[in-house]
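Heads up, the chain below is alone and in the form predicted alone; it's given as structure tokens.
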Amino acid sequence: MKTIEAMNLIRGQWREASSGERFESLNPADNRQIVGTAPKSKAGDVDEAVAAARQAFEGWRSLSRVKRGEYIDQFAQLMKRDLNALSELVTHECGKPFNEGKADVVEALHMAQYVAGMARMPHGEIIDSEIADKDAYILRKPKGVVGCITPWNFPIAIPLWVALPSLLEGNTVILKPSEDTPICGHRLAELFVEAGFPAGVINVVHGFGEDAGDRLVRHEQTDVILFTGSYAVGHHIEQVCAQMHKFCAIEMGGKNAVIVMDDANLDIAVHAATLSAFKTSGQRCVTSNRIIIHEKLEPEFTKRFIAAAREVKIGNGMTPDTFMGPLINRQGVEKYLMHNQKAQEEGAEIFLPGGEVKEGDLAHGHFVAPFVYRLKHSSSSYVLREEAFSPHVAVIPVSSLEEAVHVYNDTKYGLSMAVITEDYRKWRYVRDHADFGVGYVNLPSIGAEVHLPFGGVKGSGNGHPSAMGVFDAVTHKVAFTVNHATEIVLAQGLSVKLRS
């Protein structure tokens, strides 16, 4: 694969970082392969991008919403044309198997198609006034310049989850892709240019969070920050935006779970748990590091789940039968090993010892094996309450539906969950009492769709979800009332006459 030299996109022009510095993006399956290099941008580069977006804002918002949708439709056609090439790039740069890389790109395409279609759908409301001679409306107006800071694990889909609704509504955008997947971000920038978006409407600035990301958040001329990433960074962004009276929509991590009840279909349960725990090597914010299972089924479930985990094929994502690729970087491996050590210190019964995988061609990548253990729930446990972001899985026995929900809720997070049961009363209880933003019944805890809101509660988000939920985050709802009479009559039936 040819090494790609990414560039910043500012005001429709390809630009190096002002410092002239660049950084490498390595294939996590084989660190000998440089996927590409990208500009190491600083505050000044962000300032230029924000200025470009601010200048382009009035012209972009003045376009017909339908016309803005046509730009996005053209972008969707280009994505469809390049679907396989984009899928391979995702696999090379972030390591997940090709079928998952393709799913990432298909989800991005679905987002583009959905947003383009929304251009011709109603985006306001007509409301009856208390006064018969008045018409009342609720309109949406763009908020202005939107900064999008996105993660590496869905390097095509998540940038479009946040950028495309922002663009359709008349905002201009600065995208700061993850420093782990800058080449995917650059390829999106190339497609935006090819689709004909006016200069400055969409800008892409590469770099690290402490430099480019932090300046984007703190810039006085960014009106909205959309962030997907870790709890620590998201919480920091919330604090900065609150001090600046700036709106932010924050998507953070999760300590998710599959809840398996005593009446569960074990075939469904084992399959759902395997997908929830090991897809993307456990590196999804909706990954389930916990399997909360009724003690009646736990022995049989655990036996079958361990057997399934042993069959997981670990390897390079371009190998057709690979189920689990590498972790993204060395820091991810160290975090995984730390969580495994903590589980042992907390007295876990270890079923699969996990560890690094270094055989043959895997020696040059960040490969690890599933770590599976059984541990009784404790509110003081580190491993049962903190996100591992790796194939690190606890089997937690419980004795009742109520205990299962209590155990699920006993973390600072509240993103995703699945419940496996044949009883509608049980899943309804879980639906109404568990803290989550994305829930599933007889399915894995993964599987988001773009036309649904995606986000969590508590430490997983601030109540402003991604995907279709972004439309609310990047617009103001304003009231607009028109009087058709020759007299002024106020609401609540109050008639006001001025003295002559």
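Numbering starts at 1 and follows the sequence shown. Bear in mind that the values here come from a model prediction, so they are computed numbers and not experimental data.
Quick note: we don't show the form predicted in complex with a small molecule, though the next part is all about it.
- Note on the interface: of 470 to 478, 31 to 39, 64 to 72, 444 to 452, the segment with non-hydrogen atoms within 4.5 angstroms of the small molecule in the predicted complex is 444 to 452.
- Residue Cys285 is the only one of Ala163, Ile420, Cys285, Val204 with a heavy atom lying within 4.5 Å of the small molecule in the predicted complex.
- Note on contacts: among Asp82, Glu346, Asp262, Glu107, the single residue with a heavy atom within 4.5 Å of the small molecule in the predicted complex is Glu107.
- Contact annotation for Phe154: at least one heavy atom lies within 4.5 Å of the small molecule in the predicted complex.
- For Ile158, a non-hydrogen atom is located within 4.5 Å of the small molecule in the predicted complex, even though that partner is not displayed.
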